[in-house]
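To begin, one chain is listed below as structure tokens, in the form predicted on its own.
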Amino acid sequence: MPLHILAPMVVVGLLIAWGTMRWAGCSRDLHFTTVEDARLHWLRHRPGAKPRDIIVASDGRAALVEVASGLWLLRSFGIDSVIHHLDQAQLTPVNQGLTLGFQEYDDPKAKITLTPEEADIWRDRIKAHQQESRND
């Protein structure tokens, strides 16, 4: 098939596939709507680690999860979720929440959008956990 026919067919086909997925809602970012929703996503990552406490951010894109092994961040990463252990996370307050720096080369920072009240709670909780970890 000539290239001047094949190229537009491929482009139009990709646009139709993209449009169909957008219309069907397959490309919406993940949101944790409830604590139970965050718990299910957490257990998908760490099935044996039962959460003691979960705090979900008001925008639904992140949650603090406390388990026996410490404090973790569960966050939306596109249409999936990722987790980070917060023992050595570097905490930086920003206007609309917190930025957490990690030592992982593939995901060095996470910007978490929080209300001022939530930011205070999260910051205090993370710092207390980190202090507790240093004392152990």
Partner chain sequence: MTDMLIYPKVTDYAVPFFILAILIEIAWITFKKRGGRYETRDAMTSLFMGVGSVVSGILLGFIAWNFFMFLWWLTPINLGASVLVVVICFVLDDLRYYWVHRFGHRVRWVWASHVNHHSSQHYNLTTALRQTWTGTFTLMMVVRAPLILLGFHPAMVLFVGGVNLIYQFWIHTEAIDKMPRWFEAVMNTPSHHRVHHGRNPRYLDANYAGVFIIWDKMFGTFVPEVEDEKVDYGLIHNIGTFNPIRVAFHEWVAIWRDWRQPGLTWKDRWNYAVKPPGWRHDDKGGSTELLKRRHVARNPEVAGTPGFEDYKA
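Numbering follows the first chain given and starts at 1. The model shown is predicted, which means the values in this text are computed figures rather than measured ones.
A second form of this protein, the form predicted together with its partner chain, is not displayed here; the remarks below concern that form.
Novice: Among 39, 111, 31, 46, which has at least one heavy atom within 4.5 Å of its partner chain in the model of the complex?
Specialist: Residue within 4.5 Å of the partner: 46.
Novice: Quick check on residue 26: any heavy atom within 4.5 Å of its partner chain in the model of the complex?
Specialist: Residue-level check for residue 26: yes, a contact with its partner chain.
Novice: Can you tell me whether residue 80 touches its partner chain? I mean in the model of the complex, with a 4.5 angstroms heavy atom cut-off.
Specialist: It does: once its partner chain is placed as it appears in the model of the complex, residue 80 has a heavy atom within 4.5 Å of it.
Novice: Does the 4.5 Å heavy atom contact test between residue 53 and its partner chain in the model of the complex come out positive?
Specialist: Close contact is absent here: in the model of the complex, residue 53 is far from its partner chain, nothing within 4.5 Å, heavy atoms only.
Novice: Classify residue 103 as contacting or not contacting its partner chain in the model of the complex by the rule of any non-hydrogen atom within 4.5 angstroms, answering yes or no.
Specialist: Residue 103: contacts its partner chain in the model of the complex.
Novice: Go through 103-111, 31-39, 62-70, 89-97 and give me the stretch that gets within 4.5 Å of its partner chain in the model of the complex, heavy atoms only.
Specialist: That would be 103-111.
Novice: Where, within 1-34, is there a heavy atom within 4.5 Å of its partner chain in the model of the complex? Residue list please.
Specialist: Stretch hits, in order: 1, 3, 6, 9, 10, 13, 14, 16, 17, 18, 20, 21, 22, 23, 24, 26, 27, 28, 29.
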